[in-house]
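The form predicted on its own is given below as one chain in C-alpha coordinates.
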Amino acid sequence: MDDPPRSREALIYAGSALLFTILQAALGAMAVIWPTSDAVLATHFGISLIAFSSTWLLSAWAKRRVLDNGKGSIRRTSYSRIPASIFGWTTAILVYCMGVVYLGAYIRHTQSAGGCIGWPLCNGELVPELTNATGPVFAHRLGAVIMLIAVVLLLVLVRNKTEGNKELLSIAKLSVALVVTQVLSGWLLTSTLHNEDVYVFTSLLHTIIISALFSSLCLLAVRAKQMSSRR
(Lines give C-alpha, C1' and ligand atoms only; values in the text may rest on other atoms or scores of the structure.)
Protein backbone atom coordinates (compact mmCIF):
# COMPACT_ATOMS: atom_id res chain seq x y z
CA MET A 1 0.00 0.00 0.00
CA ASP A 2 1.33 3.45 -0.94
CA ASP A 3 2.01 5.95 1.82
CA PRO A 4 -0.57 8.76 2.07
CA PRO A 5 0.56 12.10 0.61
CA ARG A 6 2.12 14.55 3.05
CA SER A 7 0.29 17.74 3.88
CA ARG A 8 2.39 20.91 4.09
CA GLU A 9 -0.25 22.47 6.33
CA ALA A 10 -0.14 19.59 8.81
CA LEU A 11 3.66 19.61 8.83
CA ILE A 12 3.66 23.32 9.66
CA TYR A 13 1.31 22.78 12.62
CA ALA A 14 3.27 19.79 13.91
CA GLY A 15 6.61 21.54 13.45
CA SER A 16 5.36 24.67 15.18
CA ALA A 17 4.07 22.67 18.15
CA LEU A 18 7.43 20.91 18.47
CA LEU A 19 9.49 24.09 18.06
CA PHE A 20 7.60 26.16 20.62
CA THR A 21 7.47 23.28 23.09
CA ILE A 22 11.27 23.08 22.91
CA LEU A 23 11.55 26.87 23.28
CA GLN A 24 9.27 26.77 26.31
CA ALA A 25 11.34 24.05 27.94
CA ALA A 26 14.56 25.94 27.19
CA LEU A 27 13.21 29.18 28.65
CA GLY A 28 12.05 27.31 31.76
CA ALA A 29 15.51 25.79 32.19
CA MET A 30 17.18 29.17 31.76
CA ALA A 31 14.90 30.68 34.38
CA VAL A 32 16.00 28.01 36.87
CA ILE A 33 19.71 28.35 36.14
CA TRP A 34 20.03 32.11 35.72
CA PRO A 35 18.18 35.00 37.38
CA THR A 36 15.46 36.16 35.01
CA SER A 37 13.19 39.20 35.22
CA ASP A 38 9.43 38.85 35.66
CA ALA A 39 8.91 40.55 32.30
CA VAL A 40 10.94 37.84 30.56
CA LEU A 41 9.29 35.04 32.52
CA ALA A 42 5.88 36.30 31.39
CA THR A 43 6.80 35.34 27.82
CA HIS A 44 6.96 31.72 28.95
CA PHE A 45 3.19 31.40 28.89
CA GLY A 46 2.94 33.11 25.51
CA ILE A 47 5.27 30.53 24.01
CA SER A 48 3.28 27.68 25.52
CA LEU A 49 0.11 29.27 24.15
CA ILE A 50 1.47 29.11 20.61
CA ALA A 51 2.49 25.47 21.08
CA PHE A 52 -0.99 24.61 22.36
CA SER A 53 -2.67 26.47 19.49
CA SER A 54 -0.50 24.66 16.94
CA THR A 55 -1.71 21.35 18.34
CA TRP A 56 -5.31 22.62 18.22
CA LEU A 57 -4.88 23.59 14.56
CA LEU A 58 -3.40 20.19 13.75
CA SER A 59 -6.37 18.47 15.38
CA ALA A 60 -8.81 20.65 13.44
CA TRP A 61 -6.95 19.88 10.20
CA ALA A 62 -7.19 16.14 10.88
CA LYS A 63 -10.91 16.43 11.52
CA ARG A 64 -11.43 18.32 8.26
CA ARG A 65 -9.43 15.68 6.39
CA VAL A 66 -11.72 12.94 7.71
CA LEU A 67 -14.82 14.91 6.73
CA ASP A 68 -13.43 15.71 3.28
CA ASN A 69 -12.83 12.01 2.72
CA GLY A 70 -16.55 11.41 3.06
CA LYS A 71 -16.55 9.98 6.58
CA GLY A 72 -18.78 12.68 8.00
CA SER A 73 -21.90 14.62 7.10
CA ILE A 74 -20.27 18.06 6.82
CA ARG A 75 -19.22 19.07 3.32
CA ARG A 76 -16.76 21.69 2.17
CA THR A 77 -18.41 25.11 1.97
CA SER A 78 -18.05 27.67 -0.80
CA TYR A 79 -14.97 29.87 -0.59
CA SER A 80 -16.32 32.61 -2.87
CA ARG A 81 -18.26 34.52 -0.20
CA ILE A 82 -15.54 35.06 2.41
CA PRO A 83 -14.09 38.60 2.42
CA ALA A 84 -10.43 39.10 3.33
CA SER A 85 -11.46 41.50 6.10
CA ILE A 86 -12.47 38.54 8.30
CA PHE A 87 -8.87 37.37 8.38
CA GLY A 88 -7.59 40.89 8.99
CA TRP A 89 -9.84 41.64 11.94
CA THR A 90 -9.29 38.21 13.48
CA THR A 91 -5.53 38.64 13.25
CA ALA A 92 -5.75 42.06 14.90
CA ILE A 93 -7.78 40.59 17.76
CA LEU A 94 -5.25 37.76 18.10
CA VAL A 95 -2.40 40.24 18.51
CA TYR A 96 -4.42 42.18 21.06
CA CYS A 97 -5.30 38.94 22.88
CA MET A 98 -1.61 38.07 23.17
CA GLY A 99 -1.02 41.47 24.79
CA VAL A 100 -3.76 40.85 27.36
CA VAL A 101 -2.37 37.37 28.02
CA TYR A 102 1.14 38.74 28.49
CA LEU A 103 -0.12 41.30 31.00
CA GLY A 104 -1.96 38.57 32.91
CA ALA A 105 1.17 36.41 32.97
CA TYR A 106 3.21 39.38 34.19
CA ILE A 107 0.73 39.95 37.03
CA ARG A 108 0.99 36.30 38.02
CA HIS A 109 4.79 36.29 38.02
CA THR A 110 4.95 39.50 40.07
CA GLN A 111 2.21 38.18 42.41
CA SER A 112 0.25 41.40 41.88
CA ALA A 113 -3.23 39.85 41.66
CA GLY A 114 -4.19 41.48 44.96
CA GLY A 115 -3.93 44.92 43.37
CA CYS A 116 -7.67 44.82 42.67
CA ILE A 117 -10.01 43.50 45.34
CA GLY A 118 -13.63 42.85 44.40
CA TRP A 119 -15.36 42.33 41.07
CA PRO A 120 -16.43 43.94 38.74
CA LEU A 121 -15.32 47.08 40.63
CA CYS A 122 -11.66 47.38 41.54
CA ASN A 123 -11.17 48.21 45.22
CA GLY A 124 -14.75 49.42 45.29
CA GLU A 125 -14.22 51.98 42.52
CA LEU A 126 -15.01 52.06 38.82
CA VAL A 127 -11.63 53.66 38.15
CA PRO A 128 -9.31 53.17 41.14
CA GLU A 129 -6.10 54.98 41.95
CA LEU A 130 -3.61 53.39 39.58
CA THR A 131 -0.67 52.99 41.93
CA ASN A 132 1.60 50.03 42.67
CA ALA A 133 -0.01 46.69 41.73
CA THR A 134 -3.43 48.21 41.07
CA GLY A 135 -2.38 49.71 37.72
CA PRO A 136 -1.42 46.48 35.91
CA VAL A 137 -4.36 44.51 37.36
CA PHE A 138 -6.88 47.20 36.41
CA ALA A 139 -5.34 47.43 32.92
CA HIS A 140 -5.71 43.64 32.57
CA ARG A 141 -9.37 43.83 33.60
CA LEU A 142 -10.04 46.65 31.17
CA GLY A 143 -8.26 44.70 28.46
CA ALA A 144 -10.50 41.69 29.13
CA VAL A 145 -13.63 43.82 28.73
CA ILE A 146 -12.37 45.23 25.43
CA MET A 147 -11.53 41.70 24.35
CA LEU A 148 -15.08 40.59 25.10
CA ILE A 149 -16.52 43.42 23.01
CA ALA A 150 -14.09 42.77 20.15
CA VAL A 151 -14.91 39.06 19.90
CA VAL A 152 -18.66 39.72 20.00
CA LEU A 153 -18.26 42.28 17.19
CA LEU A 154 -16.19 39.72 15.28
CA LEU A 155 -19.08 37.27 15.50
CA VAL A 156 -21.42 39.94 14.10
CA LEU A 157 -18.95 40.60 11.27
CA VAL A 158 -18.68 36.89 10.42
CA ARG A 159 -22.46 36.51 10.46
CA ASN A 160 -23.04 39.54 8.23
CA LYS A 161 -20.17 39.14 5.78
CA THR A 162 -19.90 35.39 5.14
CA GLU A 163 -23.51 34.81 4.10
CA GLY A 164 -24.07 32.00 6.53
CA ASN A 165 -20.79 30.10 6.31
CA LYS A 166 -21.48 27.46 8.93
CA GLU A 167 -17.87 26.60 9.71
CA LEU A 168 -16.68 30.15 10.37
CA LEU A 169 -19.86 31.01 12.22
CA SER A 170 -19.45 27.98 14.46
CA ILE A 171 -15.86 28.94 15.33
CA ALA A 172 -16.88 32.55 16.00
CA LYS A 173 -19.70 31.43 18.31
CA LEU A 174 -17.29 29.18 20.20
CA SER A 175 -14.92 32.13 20.60
CA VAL A 176 -17.70 34.27 22.08
CA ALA A 177 -18.66 31.50 24.50
CA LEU A 178 -15.03 31.13 25.56
CA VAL A 179 -14.41 34.86 26.06
CA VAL A 180 -17.57 35.17 28.20
CA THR A 181 -16.44 32.16 30.24
CA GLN A 182 -12.98 33.69 30.54
CA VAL A 183 -14.39 36.92 31.99
CA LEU A 184 -16.46 34.93 34.48
CA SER A 185 -13.43 32.85 35.43
CA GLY A 186 -11.68 36.13 36.18
CA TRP A 187 -14.40 36.88 38.70
CA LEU A 188 -13.94 33.40 40.16
CA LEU A 189 -10.19 33.98 40.34
CA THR A 190 -10.68 37.20 42.27
CA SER A 191 -13.19 35.60 44.62
CA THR A 192 -10.78 32.83 45.59
CA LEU A 193 -7.69 35.02 45.83
CA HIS A 194 -7.31 34.53 49.57
CA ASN A 195 -8.03 30.79 49.54
CA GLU A 196 -4.83 29.19 48.30
CA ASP A 197 -6.29 25.67 48.11
CA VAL A 198 -9.05 26.78 45.73
CA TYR A 199 -7.04 29.50 43.98
CA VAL A 200 -4.76 26.86 42.44
CA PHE A 201 -7.70 25.34 40.59
CA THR A 202 -9.38 28.63 39.58
CA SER A 203 -6.05 29.87 38.25
CA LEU A 204 -5.66 26.67 36.22
CA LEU A 205 -9.21 27.05 34.88
CA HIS A 206 -8.45 30.63 33.85
CA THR A 207 -5.36 29.43 31.99
CA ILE A 208 -7.16 26.60 30.20
CA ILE A 209 -9.97 28.85 28.97
CA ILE A 210 -7.68 31.55 27.57
CA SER A 211 -5.64 28.84 25.82
CA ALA A 212 -8.80 27.50 24.17
CA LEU A 213 -9.94 31.03 23.25
CA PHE A 214 -6.62 31.92 21.63
CA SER A 215 -6.62 28.61 19.74
CA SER A 216 -10.18 29.13 18.54
CA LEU A 217 -9.28 32.58 17.19
CA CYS A 218 -6.20 31.11 15.49
CA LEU A 219 -8.40 28.55 13.77
CA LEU A 220 -10.84 31.25 12.67
CA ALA A 221 -7.99 33.30 11.20
CA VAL A 222 -6.51 30.31 9.37
CA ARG A 223 -9.81 29.15 7.89
CA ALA A 224 -10.83 32.70 6.91
CA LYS A 225 -7.49 33.13 5.15
CA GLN A 226 -7.78 29.81 3.34
CA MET A 227 -11.33 30.47 2.21
CA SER A 228 -10.73 34.06 1.10
CA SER A 229 -7.68 33.04 -0.95
CA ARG A 230 -9.52 30.32 -2.88
CA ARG A 231 -11.81 32.40 -4.99
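Note that residue numbering follows the sequence shown and begins at 1. Every value quoted in this text rests on a predicted model; they were computed, and no experiment measured them.
If you look for the form predicted together with protoporphyrin IX containing FE, you will not find it shown, but the lines that follow are about it.
Contact with protoporphyrin IX containing FE in the predicted complex, judged by any heavy atom within 4.5 Å, is made by just one of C122, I93, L155, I107: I107. Of the candidate stretches 56-64, 188-196, 26-34, 159-167, only 188-196 contains residues with a heavy atom within 4.5 Å of protoporphyrin IX containing FE in the predicted complex.
Although the partner is absent from the chain shown here, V100, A113 and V183 each have a heavy atom within 4.5 Å of protoporphyrin IX containing FE in the predicted complex. Within 4.5 Å of any heavy atom of protoporphyrin IX containing FE in the predicted complex lies no heavy atom of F52.
In the predicted complex, protoporphyrin IX containing FE sits beyond 4.5 Å of every heavy atom of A172.
Looking at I210, you'd find a heavy atom of it within 4.5 angstroms of protoporphyrin IX containing FE in the predicted complex.
Along 123-160, these residues reach a heavy atom to within 4.5 Å of protoporphyrin IX containing FE in the predicted complex: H140, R141, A144, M147.
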